[in-house]
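First, one chain by itself: the form predicted on its own, in C-alpha cells.
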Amino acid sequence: MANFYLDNEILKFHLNHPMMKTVVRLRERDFTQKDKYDFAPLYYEDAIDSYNKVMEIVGEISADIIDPNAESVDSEGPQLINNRVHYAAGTVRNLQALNDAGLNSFTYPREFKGSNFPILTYVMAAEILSRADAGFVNIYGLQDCGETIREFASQEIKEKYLPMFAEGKTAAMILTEPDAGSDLQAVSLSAKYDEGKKTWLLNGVKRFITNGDADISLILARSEEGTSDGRGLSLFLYERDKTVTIRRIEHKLGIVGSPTCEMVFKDSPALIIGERRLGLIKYVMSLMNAARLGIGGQSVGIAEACYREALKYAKEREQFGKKINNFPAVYEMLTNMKVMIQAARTLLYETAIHVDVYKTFSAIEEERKLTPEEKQLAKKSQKYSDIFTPLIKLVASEYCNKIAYDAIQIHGGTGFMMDFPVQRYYRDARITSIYEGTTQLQVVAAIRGVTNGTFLNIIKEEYQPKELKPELEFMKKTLAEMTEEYEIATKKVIETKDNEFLDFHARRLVEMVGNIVMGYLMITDSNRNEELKRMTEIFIKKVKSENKNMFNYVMESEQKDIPSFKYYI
C-alpha cells in the first residue's frame, strides 16, 4: 500500500525537530495529562511514537483514498442544491475516512475531545493531504477556526462547539466582502445586539468564502455603529441555519473541490467571540496567521506532488535516444525543485515549532503564572512566529508556483493536456500566493522584521554563533557574506527615510533575508542529517547569486528613479 508519509523520510526528520521535546513537555504539562486521560503519552518517546502513527494514517488515507479521488472531485466539484452546498462524492468519502480514523481536531485539548497534538503535526498533515488534493485541505484544514475558538471564546462556547469538530462538523472563516478583500478594515456586514432575542443579528453580504456553507463559522462584522475602520469590528460565531442564503458557488480555476461561496445574511443569530472591537486587530489576525501557516503546508505539499510527477515523467520520457532526465536542462530543473522544496519545508517546520511554543505558553498562562525563563522563551517564540509566518507564506507559495510551472515545462506539450495530474497541480498552485493575503501583503507584514532589525538580530545572535561540523563551515562563511550585503542594502534603503523607496525595495529585502534564514536552517539540518549537505550546498550557491543581483539593484537605484516606473500607469 502507498503511503505519503512513509515514502518521504524527511518528514520524520522534521517531526524530530530539536525543540519538539520542549513542545511536548509543555503540551502534556510535564506529562501530568496521563493522570487524567487514558491515551495521554507517558513520556516524550511515547508521544513521538503516537505522532508517527497518526502521520502514517494520514499518509495512508492520502495515498489510498484522497489521491485516487482527486481527479473525480476536480471534475465533479461541489453543487448548490436548495440553498445547501453538496460536496463532490469523493470529498464526502475523504471526510468520512478522516472522521472514521479520528483525525478531526487532533490539535485541540483533550477536554474538548481533541488529541492535544502539536501544531507542527497539523501542518505536516496539511502538507501530506495537499500532495493528494490541495482543494480538500481547504475544507479539512479549516479546523483552524476551532483553535481560535479555543484561544479566545468563553468557556461556555468552547464546551459547546469544540467537541463538534471532533464529531466531523465543518468550519469556515467568513471575512471577505465585495468591497473588502485585502482591506478588511472596510468590512461592512453589520452586527447588532437584539435585546428581545438576547442575541447578535448579522446582516449583509460576504464573498469568496471558502467552505461557506459550513456547520460552524467565524464571521468578521461591524458591531460599532458610526465606525469605518478596524476598531469597529468584532468576531462572531455563527451556526448554520435557514437565515443565510448561498447565492452561488464560484467557478474557479483551481482547488475546485473546495466550495467558494457568496453568502447573504439576514437577521442571522450569532455569538460574540471575546471582546467587542478586537475582531480584526486581535482575533482575525491570529486566525489568518494560522491559515497562512496552513497554506505554507499546502504549498509545500503541492510542490512535492509536482516534483514527483515531473521526475516520474522525466524518467519515462525518451527523446533523441535517451531519457529526458539525463539532459542538463531537465535535471537542473528537477534538482532545483527538490532543493527549493526542502528549503521551504525547513522554514515551514521552524515556524510551526515557534508557534507551538508561544501558543502553548499562552494556554499555560491561563492556568498559572509563567516563570521568568518561560516568559522569555514565550516572548522569543512569538517574535519568531510573527516574522516567520508571513515569510513562509510568501516563500512557500512563490516556490510552489515556480515548481508547478517547471513541472508543466518538463512534461512539454503533454503537460498542457488535461490527461495528466500535473495540470491540476498547476491550477491549484496559483491561488496559494493570493488568498489569505497576497505575496505583496506578506511583504508588508515581513518588512517590519527588516526595518526593526529583528531578522538581523536572529541571524547574528542565534544562527551565526552555532557550532557546526567542520565540513559545513564554508557554507556558513558564504551566508555571513550574504548577511553583510543584506545589512548594507537595508541600511541604504532605511537611511533615505523615504517610505515609497522602502516599499519599492521591500520585496527584495525580504527575499534576501529569507534566503539567508533558509540557508542557515538548512545548514542546521545538515548538521543533524549528512544526506542534506549536498542539497544545502546547491541551495546556498543558488541564493547567493539571487541575493547578489538584488543587492546590486538596490545599491544602484536612487530615489529619483522611482517616478519612471509610474510613467506607463
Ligand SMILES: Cc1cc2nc3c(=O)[nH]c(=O)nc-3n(C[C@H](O)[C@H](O)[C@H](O)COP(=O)(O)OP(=O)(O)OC[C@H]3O[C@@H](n4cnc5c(N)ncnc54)[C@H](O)[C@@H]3O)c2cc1C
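The model shown is predicted, which means the values in this text are computed figures rather than measured ones. Note that residue numbering follows the sequence shown and begins at 1.
This next part talks about the form predicted together with the named molecule, which is not shown.
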Among 175, 431 and 437, does every residue place a heavy atom within 4.5 Å of the named molecule in the model of the complex? yes
Only one of 201-209, 459-467, 230-238, 367-375 has residues with a heavy atom within 4.5 Å of the named molecule in the model of the complex, and that stretch is 201-209
Single option in 260, 381, 170, 346 placed near the named molecule in the model of the complex, where near means a heavy atom within 4.5 Å: 260
Of the residues 453, 181, 102, 412, which one places a heavy atom within 4.5 Å of the named molecule in the model of the complex? 181
Is residue 252 a contact residue for the named molecule in the model of the complex, using a 4.5 Å heavy atom cut-off? yes
Taking heavy atoms and a 4.5 Å cut-off, does residue 444 contact the named molecule in the model of the complex? yes
